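As structure tokens, one chain now follows by itself in the form predicted on its own.
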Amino acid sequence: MSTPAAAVAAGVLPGRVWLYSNYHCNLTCTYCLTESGPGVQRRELTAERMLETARQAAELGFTALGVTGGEPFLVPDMPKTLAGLGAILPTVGLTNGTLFTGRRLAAVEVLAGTDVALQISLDSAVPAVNDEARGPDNFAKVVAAIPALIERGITVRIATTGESDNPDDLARLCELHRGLGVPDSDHVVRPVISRGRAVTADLGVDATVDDLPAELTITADGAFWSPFGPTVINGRLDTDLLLTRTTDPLRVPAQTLLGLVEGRPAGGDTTLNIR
């Protein structure tokens, strides 16, 4: 078996490591992978644990980090933590974008000029359509937050999750995000994956392990195959994509993932445009 560094350099193993900062959220989206919401138990990775994982990831040869939840910006000092992570490896932080007012908007200014991008969810250019899945006034909060963040020197990406393949809808959305200051290169469109709350709502496409990028994902519960691995349904954590309960040292789940990836048929994976 090769090392993670060699596998990443050869393109055999994806270079990004994901960190689930938390599972609680201020929203209750219909297709949420983790059944996140305001009343969800606060299982968190500490800032110290995230930073140590990042340092080990860099030493092992990984090249990027992702932070997701839940809503990461409900965790105290998340802007400072993201800045620390970005100083180790290029980092993208996923957020619903609804919390950036007042003190949180001021606090996030620490990310200006750093190697950290914020990826904000925006599913439709039609407010009612967007808000149907994500909650009341979501659209208005997001379209206000995006230019406010960009004005402060923060890199913003947009992720659109949905089942519509109507080209006119997509064209309107692209026109909107360009007007907000986000170029096409920083906009990703992906399907709803039928895991978590989407199963209950009968939404999304089925995805097997071969459909998901083998991006090492670290949570408070263990290490998983993909950020789509540590999902929750009916309050119970899915473990079908669990690699190891051990997350420290990081080389343990990294080598486990590498062993599984090296055993896959060449060209047998797709990523469903997930990034």
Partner chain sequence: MLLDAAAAPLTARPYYQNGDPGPLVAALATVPELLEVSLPFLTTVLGASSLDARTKEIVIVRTSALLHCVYCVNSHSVVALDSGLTAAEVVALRDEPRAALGGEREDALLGWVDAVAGGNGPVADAVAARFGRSFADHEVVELTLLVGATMMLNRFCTALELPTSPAVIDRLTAAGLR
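This is a predicted model, so every value here is computed, not measured. Numbering follows the first chain given and starts at 1.
Another form, the form predicted together with the partner chain, is not on view; read the next lines as being about it.
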{"query": "4.5 Å heavy atom contact, Thr246 and the partner chain in the predicted bound form", "finding": "yes"}
{"query": "Contact test in the predicted bound form: Val40 vs the partner chain, heavy atoms, 4.5 Å", "finding": "no"}
{"query": "In the predicted bound form, Ala10 touching the partner chain (heavy atom, 4.5 Å)", "finding": "no"}
{"query": "4.5 angstroms heavy atom contact with the partner chain in the predicted bound form for Val209", "finding": "yes"}
{"query": "In the predicted bound form, segment of 238-246, 51-59, 22-30, 64-72 with a heavy atom within 4.5 Å of the partner chain", "finding": "238-246"}
{"query": "Residues within stretch 246-260 having a non-hydrogen atom within 4.5 Å of the partner chain in the predicted bound form", "finding": "Thr246, Thr256, Leu260"}
